[in-house]
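Before any questions on binding or motion, here is one chain by itself as structure tokens, the form predicted alone.
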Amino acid sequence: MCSQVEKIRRFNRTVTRRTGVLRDRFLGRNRPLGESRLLFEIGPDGMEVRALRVKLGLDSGYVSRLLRSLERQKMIKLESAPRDRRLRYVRLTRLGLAEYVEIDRLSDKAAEDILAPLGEQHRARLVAAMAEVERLLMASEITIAPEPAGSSTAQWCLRQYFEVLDERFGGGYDPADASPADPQDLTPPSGIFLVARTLEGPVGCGALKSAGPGIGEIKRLWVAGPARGLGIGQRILGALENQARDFGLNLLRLDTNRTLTEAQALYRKNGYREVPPFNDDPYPHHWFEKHLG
């Protein structure tokens, strides 16, 4: 772990030096990185202030100071939403839009300057490595937490999950035909619904419901397409197993369709063994269970 930490710190130092993050005049402009990044994220279409804060992962006090500074420079205009005056929107002024265009141009040039000294092969390697680092950094910022099963976020995740099943299953998928997992079944102490999130929104979910004394059933395990391959399914499954232990369950069951080969591999890797059918759901072809230590 110590050697890994040192390599990460060295990488961070190289990136901040090469990208000019530590300079007061970021990209040669007379403004620090924080203001430049805020202008770029606001963009030509504007943005709700709360969404801007969440997207950048910044506390409200820091964002407010940056916005006040940009407002004094006449780069932005703050306004209330017509239907809810508690919500504030920020939009670029004409001066701010011109600065946005210039920041965009200079950002392209900064990227070109990094690539210019390298040969074509090394450019391709660098860009591919950056893409992989970005994906893994995204994985490191993902949080998994309980979510009310009837909330709009949970229902959105379930719709994405059902769409995947409908696309993957040969004859389509209708949740009304499957064994039920209603919101009340996924609410403690009967069960739980977990959502995996990045700063930009949900990227996965999973549920656990009681299926009898000491028995739990795992349901609705889904990971968004762009986030697959980051170990999110593994983390959700592990979190559900920990919740099952907290609920005093000692046996977990689940079922899956033959087309979901990735799910089958995940379950087998985590010690689930195939068993005879334990329900008459029309969609699964494989049934698994695992005794919890």
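Bear in mind the structure is a predicted one, so any value in this text is a computation, not a measurement. Counting begins at 1, following the sequence as shown. If you superpose the two forms and keep the largest set of C-alpha atoms that fall within 1.5 Å, you have the rigid core.
Omitted here: the form predicted together with another copy of the chain. The next part is about that form.
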*asked:* Exactly one residue in E79, E120, E163, D84 has a non-hydrogen atom within 4.5 Å of another copy of the chain in the predicted complex; which is it?
replied: E120
_Under a 4.5 angstroms heavy atom criterion, identify the one residue in E71, D185, D104, D174 near another copy of the chain in the predicted complex._
D104
*4.5 Å heavy atom contact with another copy of the chain in the predicted complex for all of R168, A239 and P277*: no
_Segment assignment from 130 to 138, 206 to 214, 189 to 197, 154 to 162: heavy atom within 4.5 Å of another copy of the chain in the predicted complex_ = 130 to 138
*Touches another copy of the chain in the predicted complex: F40 (any heavy atom, 4.5 Å)*: yes
_I'd like to check something about L95: if you look in the predicted complex, is any of its heavy atoms closer than or equal to 4.5 Å to a heavy atom of another copy of the chain?_
no
*Though only this chain appears here, would A124 touch another copy of the chain in the predicted complex if you measure heavy atom gaps against 4.5 Å?*
yes
*asked:* How about G229 - does it come within 4.5 Å of another copy of the chain in the predicted complex, if we only consider non-hydrogen atoms?
replied: yes
*Going through 261 to 293 from first to last, which residues have a non-hydrogen atom within 4.5 Å of another copy of the chain in the predicted complex?*
none
*For L33, is the CA shift between the shown form and the other one at least 2 Å following rigid-core superposition?*
yes
